[in-house]
Structure formats: structure tokens, C-alpha cells
Ligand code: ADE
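There is one chain below, alone, in C-alpha cells, taken in the form predicted on its own.
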């Protein structure tokens, strides 16, 4: 991912972003930081970029010409999402960071003095963003804050696919209290449960502390959390048919756009997927008006809604699938042992055997979400986890099938999900009898009815 920062103080930005995790990510070329000095593009021979505002008033205003030319030099005519850092913008939050993290490039425009000529803002800016209700001397610090929050969501930056999922604001809960050595400090002991080795008890303790802390410190977040929990409880009455909706909410990925009874509309902003279930066609049609324009896929639970979506929203049918979920209390056996996390040298192999874009597969390898089976150090198959959290990607070369490798790959994926406290689930194409039999043999439950994946034409 590439970040361009248009600023009068490029050294300030580069120094602030060249250390720690963000600096290491840049060194590994997982991200690129390009600080551009707006002053280099002024036509004034003295390097002047500001002037007095028309109509009078205190202070100086950055002129349109140098800002426009700097932006044009960076974008080279391409449409690149451009963020203007201003107290007048929408307040920055985690879901916004997730949205921005989907872009390949971002331009940050840092104002100074009394701001920037409105005419150039109308020409180049796509998003006006504030980091809080206060005024700073310039946009450089807000830009660095946003870049830090966005870059850490780029696959590979954290080197730990769990870190970004278990911290503050995940699933609308603040992070639980953390403790390290020594076991006793200033007369205060580490809670006994954290020393017990009982992972289930530790998970329960952390969740309860997160709830307590959020209720006390951020009641607004706590109310959103309660709404999600209530929705999950209602959906759980038909768990097999709604596991995708429930897991999207419980993992903190989906946001509720509508929830009343069994009429639920959820949007996963990170994946640009909307999931809809409705008690009748009439209600379902009303929910279509709430689907965000940028949605790329719709997952529909009712067949009667499919032609409506295709006609009104211009979507096409991708697949008709069963949901398969594993609710067992024990880890599944992984009988084939040589399974490894895939690295970038496996990119071409996966692309050769799986129908997804290079960028999609690359992101999953960097996120350590693809796993390969090896025979004599040769990669012969793979499986993994999609962005929405479902298991998938399963492929085994023809001559190595019927040896338990595919089952072991899927079991490996399922066990990794269980370790995080998730209910593992996936989609099985309705006509794929071999895959359906595999799920049943492994002890997964299939949904009573099928669901439909619809994509933009």
C-alpha cells in the first residue's frame, strides 16, 4: 500500500513514520511512504505558497495552484482517494481505518495557516477527516496518526494475524487489562486465572473484563455491543442457516444496518460484503434501500430475493451454497502432518490453481491465512481463510487426492479458528457432492437451506 503525504514539512512526517512497526513495514516494502513538499510546486520565485484571504480575516491561506500541481504530480491523472486533514471533517474511527485500508493508494493533504483555498479542495479531495474536536497547527500529526492506524491493517505489517483482532475497539469492546512479570508488584498480584493455564477460563475472564471496562468507560460502544449480542441470540435459533451472520458480528467484522426479529442486514466494510435475511420478500425489498453503494457482494438467505436483487441492483448470481459449520468441543484430528503457513514464494502456485486475483491471494499469504500441504518438500495442495472469516481455498493435486490431505488441510484451518474462540464455518457449492460428503464425514453441520452469493456485474 502506498501513502502520499502532501505537506510543507516532509521531514517531520518521514521522521515520525520511519521507526517502530511502521518503519519496519516500509523497509520490507509492505507499505510505501512518499512525503511530497508542496513548496516544490509553487510558481513563486521565493517559494511562497500562501496569501491573504479575500474578504479579510486573520492569518494566511494556502493557495490553490501549488496544492493542485503537487496532487497532480503524485496521482498522474489517476483517481486516488484523497484525504484532507481538517477539524471540519468526519471524526476518524476504526471502521474508517478498515475502509481506507482497502485502497492501494491514499493521498493525505496537510493544511497549514488558516487552511487551503476552497477551490482546490473541491477539485481534489474525496474525504475530509478530523482526529478529534480540537485544532492543531497543521495536518501532519493527524496524517501520521491515520497512517499508523491504517498501515497496521495491511496484511503482514503486524506479523501476527491475531493482534489486530483482539485489541481495543474490536467488536465494540475495549481491551481487557493486561499483566506481565513479576507476578506481584507494589503489593498487587496478577489475577490467579491468568496463571491457571486454563485457556477457556482465561478467555471468559478477559471477555468479562472487556465488558465491564467498556460499560464503564465507553457506554456508547457498550450499547452497540449489546445490540450485536441480542441480534446474535435471535439468529442462533436457526444457527445452521445464520452462522455467517452470527460470526461476522461476533468477530467484530460486520456492522448492523438493520435488525428486527429475523430481519437482519449486516455490512462487512472490510470485505464490502452485505448479508441479508428477511422473513418475507416485502421486508427484504425494503432492506435493499439500506445497502451501501460500494457493496461488491450480497449474501442472500431467501431465494425469492435473488431475482429482485439482480433486477434492482444489477447483481449477478455467483453461486448457490450450503453453509457448513463445526460446533464440536474437540479439535479435529490432522492426520497429514506436513502442513505449513505459505510464504510469498508460493504465490504463483496458488494463482495457478485458484480462481482469484493476484492481489487477493497475495494479501492472504501476507496475512498468514493460507496453509500448504507438502510431500517431500513439494507443495501439493492448500487451504485457507477468506477475508470474511470463512474457510475455503481448498485444493489438492489430482494424484494426491483420496489420501486424507484435503481433510487434514480443512481440519487445520478449523482448528486455527477454534483456537481464537470462533465457530468455524464455510460455504459449499450446492452441486459439489464430494465437498458435501467431506463436510459430513468430518462432523460439520450443513444448513437446512441454501444461500446465494451475488456479485456486481
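Positions refer to the first chain, counted from 1. This is a predicted model, so every value here is computed, not measured.
In what follows, reference is made to the form predicted in complex with the named molecule, a form of this protein that is not presented.
The chain is drawn here without the named molecule; in the model of the complex, the stretch among 290-298, 86-94, 192-200, 349-357 whose residues come within 4.5 Å of it by any heavy atom is 86-94. Checking 171, 241, 231, 130 against the named molecule in the model of the complex, a heavy atom within 4.5 Å turns up for just one residue: 130.
At the 4.5 Å threshold, heavy atoms of residue 375 stay clear of the named molecule in the model of the complex, well away from it. Remark: residue 136 counts among the residues lining the named molecule in the model of the complex, judged by a heavy atom distance of 4.5 Å or less. Among heavy atoms of residue 142, some come within 4.5 Å of the named molecule in the model of the complex.
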